[in-house]
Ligand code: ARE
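This document opens with one chain alone, in structure tokens, the form predicted on its own.
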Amino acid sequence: MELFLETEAREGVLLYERDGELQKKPMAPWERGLKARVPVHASPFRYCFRLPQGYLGSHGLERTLPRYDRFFHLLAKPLPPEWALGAVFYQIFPDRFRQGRPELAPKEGAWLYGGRPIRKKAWHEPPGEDGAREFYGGDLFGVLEALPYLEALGVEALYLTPIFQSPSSHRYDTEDYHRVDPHLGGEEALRALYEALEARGMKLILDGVFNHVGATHPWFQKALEDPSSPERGMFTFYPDGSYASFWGVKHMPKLDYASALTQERFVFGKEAPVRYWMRLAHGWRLDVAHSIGEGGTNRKNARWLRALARAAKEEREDALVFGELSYDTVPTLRAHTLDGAMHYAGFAHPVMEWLSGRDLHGNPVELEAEDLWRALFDHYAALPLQLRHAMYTLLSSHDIPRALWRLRGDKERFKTAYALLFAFPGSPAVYYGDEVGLSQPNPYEVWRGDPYCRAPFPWDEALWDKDLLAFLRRLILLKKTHPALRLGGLLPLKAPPGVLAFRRRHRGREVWAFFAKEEVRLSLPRGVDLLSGREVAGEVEARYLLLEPLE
């Protein structure tokens, strides 16, 4: 690798760890600072710079040698596919997005779930407490019908929550990994959707629920019925007869990756779903990726994430595999495991805390713009360099309250949030319906995401906020066409108190980004306001601004 450091220093040393020792490589001058060429002997490759004023690592300039976890990190191959860097994603909850063939929808009371009959709800009805028992009848043919809408929006990749056969509407309790749920249209619908996406140059990401299965899965039923069966070892049973499960939810028994049979059926075998479906998809989002492991725990988690990602890439070289890492993503992603992760801790949570004044659970939070910048940049700089633009970066999802609801319907703050999302490094993800102003039916005092964040998409255009839709289309277009926003680095930018500001830079071109909770006065050089396309200079009032300087 050849590393280039922009600095005013005229001398410096590259420090890197090798075989437990700290190696030193003098740096040579280049036009904007210093550079060094060094062989990458291991992955991750850990390094920092020693300059006259101190040591420069992922936490900035320090007077003493930083810990290794505060070094910068590089990864060797395999790396995220190029198509995924800065790509615009759209998340779909299939039962709630669009109904293509009404005859596929489950009938009222067709089976029992949790001991109670399932419910068939009308498309206009709000979701209620029955949650997983409520079916609206969205299907994959409906997603296929919506492709012109999604293409016009500018979407480049779809992420679908689970589509395999399951007794629930969320389908996270899988009972057959080799069968696309017939109520979604079966494999016929998946194939038609995949081929239509291929024709448009768009990608499809499936939800890989490989931490647990549904209690109705035949393998778990065998394990329950016959303690001597080979399937018994695929799960973790305790002496009292209980078993490990996802979050203690007994209808989601947890897989044990210490079992050779689990390994064969989920990782190494030709029929392992992570391999099998790569013929009709471009990658996976791994559900509760932080929990996958052995013995009812996440023991050897990095090993099995690495193995799952490798299995997908063996079947499709340009597959993208990212994980639901709900908390600190850095240790896992530095361990050469996945292409990226859902950017909850490093983006969604701090941004929404700043704008809403409440955390994910509804607790009051006081966060200033300076605090937000420190949180965002800390996660960004700590990530392996090559993964920063492949992070699935979001504001809303099927697991957390919708952003508009958290902001009490304040659409200007909502625009601020989405402008920040598309200005920040990573792959921005729109949760279905956010772009037209879809919110939640529950009162603000009832602080819940699921099931209320899973309302059906309102296909009656009279219900759409056309201004929001146009705003999102503009942001998506800028992300796709402006190299600094898609692939640029992240640098600080001075701004008035209360304003979050940063620069994105790519090959000499920059975009300056400014964000505030309320309108503020900014003093700007001559440049182009990318959202309006107008030239601006001097004193400007704004809540959010993306500026391409002209001077």
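Numbers for residues come from their place in the sequence shown, where the first is 1. Just so you know, these numbers come straight off a predicted model, no measurement behind them.
Only in words, not in the display: the form predicted in complex with this ligand, which the text now covers.
Heavy atom of residue 399 within 4.5 Å of this ligand in the predicted complex
The answer is yes: residue 399 has a heavy atom within 4.5 Å of this ligand.
Check whether residue 434 has any heavy atom within 4.5 Å of a heavy atom of this ligand in the predicted complex, and answer yes or no.
Residue 434: no contact with this ligand in the predicted complex.
Taking any heavy atom pair closer than or equal to 4.5 Å as contact, tell me whether residue 247 reaches this ligand in the predicted complex.
Although this ligand is absent here, residue 247 would touch it in the predicted complex, with heavy atoms inside 4.5 Å.
Report whether the minimum heavy atom distance between residue 73 and this ligand in the predicted complex is within 4.5 Å.
Residue 73: no contact with this ligand in the predicted complex.
Can you tell me which of 322 to 330, 415 to 423, 143 to 151, 104 to 112 lies within 4.5 Å of this ligand in the predicted complex, counting heavy atoms only?
It is 322 to 330 that comes within 4.5 Å of the partner.
Each of 88, 164 and 282 having a non-hydrogen atom within 4.5 Å of this ligand in the predicted complex: is that the case here?
Per the other structure, none of 88, 164 and 282 touch this ligand.
Selected contact from 313, 170, 334, 217, since only one has a non-hydrogen atom within 4.5 angstroms of this ligand in the predicted complex
Partner contact (heavy atom, 4.5 Å) among the options: 170.
Only one of 448, 299, 119, 480 gets a heavy atom within 4.5 Å of this ligand in the predicted complex. Which one?
Checked against the cut-off, the match is 448.
Judged by heavy atom distances of 4.5 Å or less, which residues of 265 to 291 approach this ligand in the predicted complex?
In sequence order, 285, 287, 288, 290 come within 4.5 Å of the partner.
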